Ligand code: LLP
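Read the single chain below, which is given as structure tokens and is the form predicted alone.
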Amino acid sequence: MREPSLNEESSFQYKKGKLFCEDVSISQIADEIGTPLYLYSHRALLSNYERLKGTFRRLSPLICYSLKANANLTLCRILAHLGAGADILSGGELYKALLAGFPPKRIVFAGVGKTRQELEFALRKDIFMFNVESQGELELLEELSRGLDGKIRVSLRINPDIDPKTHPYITTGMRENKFGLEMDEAEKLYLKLKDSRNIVSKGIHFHLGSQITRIEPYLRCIEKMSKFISHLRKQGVDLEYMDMGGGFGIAYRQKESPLDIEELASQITPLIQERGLKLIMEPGRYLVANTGIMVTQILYRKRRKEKKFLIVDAGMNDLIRPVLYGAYHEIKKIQQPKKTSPMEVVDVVGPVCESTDFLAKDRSLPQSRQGEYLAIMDAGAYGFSMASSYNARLLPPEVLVKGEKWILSRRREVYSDLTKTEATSLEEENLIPSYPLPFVKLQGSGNDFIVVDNRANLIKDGGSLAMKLCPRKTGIGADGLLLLEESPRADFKMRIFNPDGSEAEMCGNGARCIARFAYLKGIVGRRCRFETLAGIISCQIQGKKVKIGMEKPQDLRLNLRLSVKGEIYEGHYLNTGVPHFVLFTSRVDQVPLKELAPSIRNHPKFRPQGTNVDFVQVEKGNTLKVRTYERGVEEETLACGTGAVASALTGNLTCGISSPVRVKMKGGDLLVYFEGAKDNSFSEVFLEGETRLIFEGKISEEVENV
């Protein structure tokens, strides 16, 4: 019986011209978190497990998922919840298996090179069984077993010398392979174990290889093992389990046939039952390969006389199977090609500095353009699990889709992850200097900021540094310090520190300045997304003009009355990333801001964080004139982006001002765009204005002594 292909009953289907995973558009996920990325279907994983379990139900097998195929914790937790056990090959896989919730009594430990430390770890956790592969390993287990209360359960792995007719690099059951014991050697060890006080032989284990698509090798091997078990029983060795390993092959190509597991089950069930054995199997690829894809974006097209190249942002470090095994993965366009789309023969290659960096060679694909997304199919097994950071490339994120929802099960690495296990604090040992530290000063509508690229995490205390750098007399002078840092959720993260050392949630003009800085430094393109304490900000950069998308305003309170110094003031409160209290006046220039604003900023109604205070005058032509007192700065600022937005939105609600609103501030003009609703909510809120590069410099180590 043939397994359904990805074009038949797959979790990956075209809908309305776009490739979906279950009920989620893949392009939407790629747009939001970037590429390359790995994407898994919850539905496909459940279906594969239930099908395998149902097919072998007469044997009630212990299905031990092989973590080497894909050790993503989210996938492992799903399988553990379904009742699966785990097949592990290292102490690290044991750690992850336990963390994922696999019960120790369902964990089998295989592998030719288990260390003393790994064996001790597994013994402490009292796992179900060790698949022993050499006499030396058995002797070490005997040594470690002294003093234990219970007995250690083992199977001996047999090398049956059977060719499964798969790729030579993934064949494991032939005499020239390093795996397992020959039968005569295994027989001696089984007989020796009869006298062991600490170790009990519970079963026999074999594993023929990976990506096996014919049942004949399994039948030959099980028949061979059955005869060997009968021979052992005559000598008083009574085994309970047969562990047949895994290696069940899938169809990577449209015309290929996967392993017929229904036929395999029907053939081996009587062989195992007549010996009175219990079955253990160790599937990996079969469970997860077709649950996952890798999504990549075409960066460039390149042509030579004899070749066409699609250069994508995924490389051999992300998916090494095509290079290592000559493996084939079907490639689909995320945007469904039309039936009339012309075809072209291309090499799909990555950015890694190796000639072997390819995902497909001489592949016939529908014509593709720069910027399009491609899906590398059947990448759920031996994809991420074999990925590396070669060329100091960041490991991609992993996403799980369930119905209409998706979760980020593993974030994309950031640059600091590349050095998290290395000694990066040598400056503390006076081996390398931490200064001078480059910075750039920018201003947006009169708000000026010191901007530092802190992706290497050199600045540990942004608040203290801001207090030293922001004063006009003794420092560089600025309204705030902006740190550009790594973000797992966006292109980068903005942190903003006020001159008093406090950290602000958001600053509209600061956001525009840091976006321009990131663009000038080549960190992002003309469009980007960055993280703030107030949420994710989208941004467009066009020359000196920067337009940012603001988070939806929160906590709107209209016509809020305050008692200040015996007087009643009525205004409007809302949070546009930071809190603002907006008061409308007929003559904004005559407002006693220095005397009045501090009392409002610290009013009991706004404790504990306080609020910014905006005084607003309505002028003709959807124009506002605004003065802002900013907390943290603790004085009037030349401009405030979040204040401009707060003024424009409250102006719309109370005075009928419509989008776009021109906001005039002492430092320059800003434009605020928005869409309002009848329930006083807003969407599509944008802030636009100019930014200017003032100067670049380096922060001296003498700042530490200020």
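Each residue number is its position in the shown sequence, starting from 1. Owing to the predicted nature of the structure, the values given are computational and were not obtained by experimental measurement.
Below: the form predicted in complex with the ligand, not depicted.
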Could you tell me which one of K493, R157, R627, K202 places a heavy atom within 4.5 Å of the ligand in the predicted bound form? R157
Heavy atom within 4.5 Å of the ligand in the predicted bound form - the one residue of H207, K114, R412, R393 that qualifies: H207
According to a 4.5 angstroms non-hydrogen atom cut-off, is D479 in contact with the ligand in the predicted bound form? no
State yes or no: in the predicted bound form, is some non-hydrogen atom of R321 no more than 4.5 angstroms from a non-hydrogen atom of the ligand? yes
F309: touches the ligand in the predicted bound form, heavy atom cutoff 4.5 angstroms: no
Is P397 one of the residues lying within 4.5 Å of the ligand in the predicted bound form, judged by heavy atom distances? no
Options 661-669, 647-655, 43-51, 60-68; stretch whose heavy atom lies within 4.5 Å of the ligand in the predicted bound form: 60-68
Given a 4.5 Å distance limit between heavy atoms, list every residue of 357-393 close to the ligand in the predicted bound form, or none if there are none. Y382, M386
